[in-house]
Ligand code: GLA
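In structure tokens, one chain follows: the form predicted alone.
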Amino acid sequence: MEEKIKQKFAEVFGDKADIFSVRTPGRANLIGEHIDYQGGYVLPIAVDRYIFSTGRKRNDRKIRLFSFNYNEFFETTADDILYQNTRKWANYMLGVIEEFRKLGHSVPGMEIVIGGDVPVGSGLSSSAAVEISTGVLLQKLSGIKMEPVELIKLARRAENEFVGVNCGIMDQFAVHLSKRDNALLLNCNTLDYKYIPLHLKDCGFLLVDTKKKRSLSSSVYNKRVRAVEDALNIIKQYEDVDFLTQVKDISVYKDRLSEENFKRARHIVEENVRVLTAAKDLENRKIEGFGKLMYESHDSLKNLYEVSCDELDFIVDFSKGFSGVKGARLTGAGMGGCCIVLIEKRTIPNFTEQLSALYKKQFGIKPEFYEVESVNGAFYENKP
């Protein structure tokens, strides 16, 4: 794929002289969903599906972008960075460029081709991969170096303020600073992090794509963010907390919150505890315990946070009854996208064959399956 991106660059922009290339992985969150924007702990991995960006500096102020996957071209100038209503793929790049400029850095003219094999809209954070890939490449082109965490913060601001999705910081962090054969335990409040070795024995991770696409900015995502903020504002009247993940006993607020907001807040509090327990289980090689927590996380996302869907639930329910599966849950924002399944590798062929047939019968479409390995983030593959 990387060579295809470089070849496309030569086709679009004339040659491949003086180019830089950046490889940035997608990510799958093992556990800890919808709590990064409430200062919680998360446990993602970077996966071996990549966004590639190839670019070079221009001698004028033109910014020329080409999307390999959408086969679309976009052009503007470094002095005219505006949100695009038609070529929305460009906004994830333009937002990073604009945030870079707002820090006082000089933005050069540039031409970039971007694309890859991270499925769009499947919960593997193709958006964060595009943002980080653009940010690393922009440093190469401008000659300005940033600390990785500062670039991560910049990329998140780009998605929050320019694109308009109120995401937390997990996705950008995972695709930039993950480490091969490890999960990344990240405190989304302090940004402290540590690596948890993946002692999976004869198991691996399988991603099952529902093929049900969703756009985060038009989904229930922002609505859920507002709900937990409303719950937090009420709880702050009774105890000194900055985030719901700091609440010790959410049950005392059952009669002080609306039924809906209490369910949302309860998921946040309990999911945070699950992450820490899951990290310990991985460290102690307790695969069965880790898998059980994955199921509990999905049930909470389904019943309390209500971001699952029939397709995701079908995959998880099938997994629960399949010998060789240790755990399964939705990964990403939900309402479509992917499930992540912890499964004995020897059983994957039978699992995919049986699930594919039943899923096609139920929903009229076959799911996609991706066997994934944990990989290094963009920081390790292309140091700025």
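Start at 1 and count along the sequence shown; that's the residue number. All values derive from a computational prediction rather than experimental measurement.
The following text describes the form predicted together with alpha-D-galactopyranose, which does not appear among the structures shown.
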Given the stretches 203 to 211, 113 to 121, 170 to 178, 291 to 299, which is the single one in contact with alpha-D-galactopyranose in the model of the complex, using a heavy atom cutoff of 4.5 Å? 170 to 178
What is the one choice in 355, 333, 65, 316 with a heavy atom within 4.5 Å of alpha-D-galactopyranose in the model of the complex? 333
Is the gap between residue 89 and alpha-D-galactopyranose in the model of the complex 4.5 Å or less for some heavy atom pair? no
Just to confirm, residue 44 within 4.5 Å of alpha-D-galactopyranose in the model of the complex by heavy atoms? no
Hey, in the model of the complex, is residue 50 touching alpha-D-galactopyranose, heavy atoms inside 4.5 Å? no
Against alpha-D-galactopyranose in the model of the complex, would residue 221 count as a contact residue? Criterion: heavy atoms within 4.5 Å. yes
Using a 4.5 Å cut-off on any heavy atom, which residues of 37 to 51 would contact alpha-D-galactopyranose in the model of the complex? 37
